[in-house]
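A lone chain, given as structure tokens: the form predicted alone.
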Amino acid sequence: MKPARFDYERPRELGAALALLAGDNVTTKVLAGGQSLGPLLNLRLVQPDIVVDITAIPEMIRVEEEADHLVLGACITHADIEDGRVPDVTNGAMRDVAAGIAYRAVRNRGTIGGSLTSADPSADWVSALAALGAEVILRGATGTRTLPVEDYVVGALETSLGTGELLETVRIPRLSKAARWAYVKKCRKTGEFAHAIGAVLVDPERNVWRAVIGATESRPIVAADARELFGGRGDAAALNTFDARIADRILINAGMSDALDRQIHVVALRRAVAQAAETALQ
């Protein structure tokens, strides 16, 4: 299959891109890396009037290191992160996640903003950035909005992106040197989307205790204060007291009724916790 006919625009200013998206009488699609949009176009599952390529807009490829955050434009690629072409404020966490995404050809083109906006529940950045406590900045004709990643992704293939808005940048918190992190995903083979994801971030210096269960049928399940999973303890040694029953209850409360499915997800989270605990002992 080949795409249906469409017009192609590659604006070099953010305002010009937003103007194209604001058109009332045309259907537009935004192109960043194209790893998701390309197949959809070829299969004619989407048939836009205009494809707006945002990769030439400076705001979309910016990299800015702030005191407490790293700001990445939405068109920063997975390979940019994997290869260290952007600063690392996560003690290697983001580089490890990026290196495990699909295949190198995909990582060369795929973008962090495109991954989030595609909102596939099994995609790596959806869960990993939620676990890191990252935020997205959305830009529209009326200004900007800032949302936590877990509030941006509201369901399977669904975001809170409004009409005429773009995901402009992603803000990732700077982890302390004492932070403990692990990310585990279960796939049938390398390069496939995950069937279960577990991620945990423990950063006592910043009073951060986050756990994420991802690759569900909807958005990631985020425990913003995960100390309940560790008997309520608030020290690094608490990682050795993971309570799988609490994790199972969280899944039940989130609507996951299949016991086998819950077990697979609990195991992924338990392995992430175990990896983080091993890091704490080094």
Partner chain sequence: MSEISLVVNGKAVSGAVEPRTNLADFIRDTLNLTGTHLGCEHGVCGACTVLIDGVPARSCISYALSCGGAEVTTIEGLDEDEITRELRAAFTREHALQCGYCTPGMLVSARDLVVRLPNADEQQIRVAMSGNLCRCTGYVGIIRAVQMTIAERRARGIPPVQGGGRTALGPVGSGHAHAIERVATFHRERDTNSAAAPAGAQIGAPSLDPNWQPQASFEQNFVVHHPLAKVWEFFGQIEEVATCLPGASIKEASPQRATGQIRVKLGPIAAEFGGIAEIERDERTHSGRIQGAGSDARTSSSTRGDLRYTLVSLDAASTRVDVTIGYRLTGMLAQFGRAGLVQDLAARLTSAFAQNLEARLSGRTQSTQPQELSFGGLIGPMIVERARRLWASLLSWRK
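This structure is a prediction, so every number in the text was calculated from the model and none was measured. Positions refer to the first chain, counted from 1.
This protein has a second form, the form predicted in complex with the partner chain, left out of what is shown; the following refers to that one.
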| property | result |
| --- | --- |
| Contact test in the model of the complex: residue 248 vs the partner chain, heavy atoms, 4.5 Å | no |
| Partner contact for residue 26 in the model of the complex: the partner chain, 4.5 angstroms, heavy atom | yes |
| Residue 121 within 4.5 Å of the partner chain in the model of the complex, heavy atoms | yes |
| Residue contact check: residue 185 to the partner chain in the model of the complex, 4.5 Å heavy atom | yes |
| Heavy atom within 4.5 Å of the partner chain in the model of the complex - the one residue of 14, 267, 274, 20 that qualifies | 20 |
| All of 71, 178 and 244 within 4.5 Å of the partner chain in the model of the complex, heavy atom check | no |
| Options 137-145, 162-170, 201-209, 74-82; stretch whose heavy atom lies within 4.5 Å of the partner chain in the model of the complex | 74-82 |
| Partner contacts for 191-229, taking the partner chain in the model of the complex and a 4.5 Å heavy atom cut-off | 191, 192, 193, 217, 218 |
